[in-house]
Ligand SMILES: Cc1cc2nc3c(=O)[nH]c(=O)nc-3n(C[C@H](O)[C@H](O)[C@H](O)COP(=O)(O)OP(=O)(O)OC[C@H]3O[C@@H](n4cnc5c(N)ncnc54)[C@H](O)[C@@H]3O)c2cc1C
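One chain is shown next in structure tokens, namely the form predicted alone.
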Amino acid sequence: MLFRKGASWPVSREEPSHVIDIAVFCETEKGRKVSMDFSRNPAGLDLARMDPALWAKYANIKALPLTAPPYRDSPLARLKAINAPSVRWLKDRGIDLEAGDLLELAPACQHFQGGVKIDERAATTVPGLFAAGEVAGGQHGANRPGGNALMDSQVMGKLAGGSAAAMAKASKPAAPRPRRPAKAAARGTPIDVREVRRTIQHLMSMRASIKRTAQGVKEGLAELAALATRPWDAAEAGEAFLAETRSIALVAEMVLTACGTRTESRGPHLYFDSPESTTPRPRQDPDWRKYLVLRRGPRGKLVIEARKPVEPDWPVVQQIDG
């Protein structure tokens, strides 16, 4: 792995895996690229000192003498032995590791640890609206156990479908609602809605991903507010794209507001004292063993409330963080 020469990153005793994430983000934030180099071992690597449990994650790893040549001396040889399809997959897409190509790294969002509040029937607080899968939040706490995203959509999707069908059978057609008065049009030079979406995606990557700070949250919310004051031009992108972007802007505002409220680190939420800091704040138990509920209050302002999770009434086999 190629990091900036002379860069020094502290090792967290509680979450050592966060160190690489933080280092990569700090470099990309400054406009520099971070890549994995499979042509040689990192300086000082001693495979004999590594935890054998790391290799046990792969079904075919036990039969490979990883501490002997050629695996000992070549990251590419180890990767091909452990996961040869990945090498072929990358080559098909223009990254030839065997020819010495570097594999660029970038932080990405894997799972959304929040969403629409639902009950045991997958019903939301909006009559007739049900939610399932990743859009429905609160099942996991601070971290999602591996594989549970698919299980969420299957289990809660079945419940949501059954609940919606039962409601539809028992309901009478609703009377049409009166149209709400249109909001006052935004003023200023119109901005292409595609540019609006790109701007929101970039500011969320910078303000609400690996490193979250009070300053970053404040600046992100200010950027969102500035976008909302200008009219969004959807002539080229279309009305559907415009509606999606409005939803993206709303979710961005809610996420940033929640990030700024939880002034601790928990699970993948890493909160820092300043943009220059590379060490996240510690967890604050029991003060922040809570979840956050957001709703629109008077004049459209977001209202946020911290609530304690409901304790299960069955024996907990394994404690899940968060």
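We number the residues from 1 along the sequence you see. Please read all numbers here as calculations on a predicted model, not as lab measurements.
One more form of this protein exists, namely the form predicted in complex with the named molecule; it is left out here, but the text below deals with it.
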If you check A228, V251, A166, A149 against the named molecule in the predicted bound form, which one has a heavy atom within 4.5 Å? A149
Would you mind picking the one in G133, G216, G115, P75 that has a heavy atom within 4.5 Å of the named molecule in the predicted bound form? G133
If you check in the predicted bound form, is Q110 within 4.5 Å of the named molecule, heavy atoms only? yes
Can any non-hydrogen atom of D119 be found within 4.5 angstroms of the named molecule in the predicted bound form? no
Residue contact check: K211 to the named molecule in the predicted bound form, 4.5 Å heavy atom: no
Residue contact check: D96 to the named molecule in the predicted bound form, 4.5 Å heavy atom: no
Select, from the options 102-110, 168-176, 81-89, 121-129, the stretch whose residues sit within 4.5 angstroms of the named molecule in the predicted bound form by heavy atom distance. 102-110
Partner contacts for 221-247, taking the named molecule in the predicted bound form and a 4.5 Å heavy atom cut-off: E244
